[in-house]
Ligand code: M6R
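First comes one chain, alone, set out as structure tokens in the form predicted on its own.
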């Protein structure tokens, strides 16, 4: 879940003005601490966000540097646990994204190494000191041993003091390499293309159990046995949305970009992604069963996909990826569709690898091109939502839902997708004010419930998730019909309950009256003009989009009222690359 950066340059580069600004572009991957190391062995690191760290760092010029932004997994949020880590002599320096599952066993095999942090990562630096500095192995031989011994996930950058060579080692955690002409042809290593998409339009993406040797003059890739391999560079288009413009937070900026991002997606499905859309639709028609593989916000989108396909008489299921193996049987007649904003979600990648030879086909819907999930797919549709910086997904999520509606439209679902961007624009303009007003009213609430039926049920869960993520409110999104099977006991005077009612659904109206009878403060979201919050008319799947826009705005404005760190909620990171 962490972010790593490495730079090797022919001339020297600045850690303050070159290395750390690239690291800041990966801060969404973790913001518990940050650090940087130079070729001279100088390591600077501290807890907290990257911006203040950049301001405080003492600049150095160097031919090689590595840097890290941390989301804590092993060990608390302390400067001692921050990366980069070095061995006891300061000769070997590393940064690591992932989890070494057998770190304790590796630690026990290094009796002469003194480790001072609580992390699993520090053992990596100690391992290489033992193999190279003590046993006298070459770096390549030590890497072969490490790949054979290490269990878990890792993207590691290894640097030895005074040697302008960086080694990059990868298994199950993302890692990419590019050359930046604007930095005098420097080679850049990063967790994903977000770090360098503004500097280059081409990258090489590491495969599992491979490593790379980068010098100021050369780049060479090897497999785990040390044999040279070729990794073909891939061209990509990346829209850089890293500026706040006039907005105070990225979350509201990304919400308000949705008329543009939804139009861009739909236009691409008529042009550059038309063939891939045809492939997806054809594969869906051939499959006996469709299974969605996703988690978090993407799981809520996949629930919409399953709803739409079942409406069209396709057998469709969705299950949270971390529980995939316990619920769904995949066979040669199954089309598996993985959905992920980053394309690097480890809970999705691990089961995907296990089933890729069992399913009929694997498809993916992702926002980041050439991500791991995309590379493990037979066919891919890209969301084209642009860079999403706020940890809580909004514009990419909406494009996920639109993508699934468009697929359903191709299969016969009655909807005109071309009207959706205009209705999103209309919706945002009409509900922004009421969301602000309700946020003032609800800013002190400690619990909230969101009710929905049909396609609105996934939206109830998504809205509740945003209230948890952004506002730290205990919120529950649920099927309205389940309310009276237990949860109604929690409703008391003043309890806020958001009721998502499409086309004045009688059952939803009945559930609303039930909570009101127990004193709830009901907030009705309607597409017929009969609610406190009114969104544009449209089919049931469209209503899911427009009602969710309200939920995202409400959670944003409550966060503003509470003066919370909206773009970087506590304990969370955007790209969940640990299992």
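Worth saying up front: this structure is predicted, and the values here are computed from it rather than measured. Residue numbers count along the first chain shown, from 1.
One more form of this protein should be noted, the form predicted in complex with the named molecule, which is absent from this view; the next part is about it.
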| property | result |
| --- | --- |
| Contact flag, residue 120 vs the named molecule in the predicted complex, heavy atom cut 4.5 Å | no |
| Residue 382 within 4.5 Å of the named molecule in the predicted complex, heavy atoms | no |
| The named molecule contact in the predicted complex: residue 502, any heavy atom under 4.5 Å | no |
| Heavy atom of residue 83 within 4.5 Å of the named molecule in the predicted complex | no |
| Segment that reaches the named molecule in the predicted complex - one of 429-437, 387-395, 187-195, 356-364, heavy atoms within 4.5 Å | 387-395 |
| 341, 371, 302, 97 - the one with a heavy atom within 4.5 Å of the named molecule in the predicted complex | 341 |
| In the predicted complex, the residue from 296, 458, 496, 351 that sits within 4.5 Å of the named molecule by heavy atoms | 296 |
| Heavy atom within 4.5 Å of the named molecule in the predicted complex - qualifying residues of 101-119 | none |
